[in-house]
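Take a look at this single chain, the form predicted alone, given in structure tokens.
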Amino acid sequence: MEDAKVAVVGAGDMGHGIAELFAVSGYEVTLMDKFPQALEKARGRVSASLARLVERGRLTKEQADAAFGRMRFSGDMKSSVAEASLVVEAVPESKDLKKAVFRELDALAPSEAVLASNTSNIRISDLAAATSHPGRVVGMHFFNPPMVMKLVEVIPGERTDPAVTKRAMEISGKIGRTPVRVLRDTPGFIVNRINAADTLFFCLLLDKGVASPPEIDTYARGQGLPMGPYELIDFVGVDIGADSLAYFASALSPEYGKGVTFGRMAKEGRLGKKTGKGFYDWSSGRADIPTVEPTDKVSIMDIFALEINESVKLVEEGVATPEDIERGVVLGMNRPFGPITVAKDLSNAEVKSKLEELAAKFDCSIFAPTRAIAEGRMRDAVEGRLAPKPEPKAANVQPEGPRETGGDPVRLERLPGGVAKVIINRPRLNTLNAQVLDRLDAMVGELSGDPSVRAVVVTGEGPVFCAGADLSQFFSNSVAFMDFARKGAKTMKKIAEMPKLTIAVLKGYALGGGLELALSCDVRVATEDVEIGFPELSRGLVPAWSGSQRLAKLLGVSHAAFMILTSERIRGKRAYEIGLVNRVVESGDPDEFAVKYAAGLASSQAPVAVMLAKSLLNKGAEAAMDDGLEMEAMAAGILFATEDLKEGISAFLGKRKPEFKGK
């Protein structure tokens, strides 16, 4: 059969179950783990699982023996994946660890092999970026235990080949699972994105002392659930819940970081069943839950409202259809019905009211009604009549070759010719948050004192420069937001005053804070189709990172007023005509153009002269004419004593290219 040989990397709770599932389905499987004890444990668990299947009549003894015979256990990555047509990564949920595995797989697996990740939360695009062929990387998220749970979420990354996604869907069907395709790569995908809101809710209940775990679990069992939420968290692992909230806080919204109890328990080693103690004592192999009265401080409607809210968000964002959301929750959470079914039996008003109550009670915007519910359009969303919220895309600009998109939100590349490249690394829109501003600030300091760097190119990862400030961050009050505005303005000022020639690459989108970043650079190159503008007033804001000041000084009050007061966007050609950009790139890679342009300037412009000229432009323009002229004279006097001036004159007279040393 096609895809007859499979390798599974990681022999833990999920890995050994996935390998067993493929073996039972007729595949030749190699289960790889670098820890011999993990392999031995996995061997025993697979053998015991197959024996149980025989006892229950699901397999014959011959079928079980044949399945076990199709499995190989190995500690060597190279031999494990050498002949695999499908490799499933199932190592612990650490982005750095998973990316390291994918780098290794990229080098060792056959070029035609599909590389799949069993990650439960991490964006596939971030993992695929660690490979030289991201088109063959796809998510195949199995649910625990894989031999029992019927759902597989199939998640294409931003650059996954559609044929690879199709193969993953087909393979999932061949092994008797129901594949649900995630339409847009987002943290947590479908089921765990919905579950994350529940997890945060149950953490905040404890943080605020609303009720005890036994009281809440007793109530949940009384509603027909097989396990209460804290018993389930103990069973899965308290650390899993804590890690999930931490990841969502970093990847989706800082609000997920508000819950603290799970993280504290994880640090204390109270992880639940795996350590013998979490919310309950598990020394007998089962949770010892005290007998208590059920709480009346929590209702099933709380959970329904939160899950409906997250489901509608997924529809709004184009992550999944209502049908696949329902199917995913039913199969992935082992429920008789999902949030879409519940929503159809409730009114928009009662869901909205409950969400507003929860958001206020826990001071958490995650629980606030999403757009469609706030507008009274919940039924349109759950019945498939709501068009997904469009996501900005850059036209006709495609990234060349593999690019790293995970890790540091701002990357620094040092290139030949005295050029440094600063890359905002928050695809797809490269928005600016506090972390990005801190990294930019640090890089300005680093590059300012580096004599080997003469020109700095500022760009964005992929086809977009920067679509502005990330306003999804949590700001507790107006003072906190004001501090964020001040931080941005200070960072832009440092960029403008750094003693290096700076070039911004405007592509895709250069909006709001992104345009302010570009205005802080000395030179701006742009693609013809870039969209440039200040949308702040249409959102109830004003440019707050020096945009109103710099734009007026650059273009004059008339052009600046038009752009800011109307929120209209202009393209690269128009921006060139009014003097907002200095070069327009008609075709090709704008980053490549900017780097070559920067290298030419770095070799032709004297570094000390650049530094003093920038100071004159930034400070002299603010001074009275006589003071400005005096500053010019002083700068000229300083430059007269430099070696670069002598070299510049000598090169000019000798009709050769100067070799400046910055002295």
Ligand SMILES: NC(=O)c1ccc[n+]([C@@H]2O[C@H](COP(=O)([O-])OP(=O)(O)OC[C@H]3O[C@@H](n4cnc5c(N)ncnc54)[C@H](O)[C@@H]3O)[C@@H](O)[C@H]2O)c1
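Being a predicted model, the structure only gives us computed values, none of them experimental. In case it trips you up, residue 1 is the first one in the sequence shown, and so on.
Only in words, not in the display: the form predicted together with the ligand, which the text now covers.
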Practice item. Verify the contact flag for Asp470: yes if a non-hydrogen atom of it lies within 4.5 Å of a non-hydrogen atom of the ligand in the model of the complex, no if not. Key: no
Review point. Could you tell me if Gly12 has a non-hydrogen atom within 4.5 Å of the ligand in the model of the complex?
Key: yes
Point to revise | Heavy atom of Arg58 within 4.5 Å of the ligand in the model of the complex | key: no
Check your understanding: Heavy atom to heavy atom, is Phe201 within 4.5 Å of the ligand in the model of the complex?
Key -> no
**Study point:** Check all three, Asp33, Glu93 and Val101, heavy atom within 4.5 Å of the ligand in the model of the complex
**Key:** yes
Check your understanding: Which one, 140 to 148, 460 to 468, 561 to 569, 374 to 382, holds residues whose non-hydrogen atoms are within 4.5 Å of the ligand in the model of the complex?
Key -> 140 to 148
Review point. Of Ser80, Ser172, Thr431, Asn118, which one comes within 4.5 Å of the ligand in the model of the complex, counting heavy atoms only?
Key: Asn118
**Study point:** Sole residue of Ala38, Ala635, Ala599, Met611 within 4.5 Å of the ligand in the model of the complex, by heavy atom
**Key:** Ala38
Check your understanding: If you look in the model of the complex, which residues in 499 to 528 sit within 4.5 Å of the ligand (heavy atoms)?
Key -> none
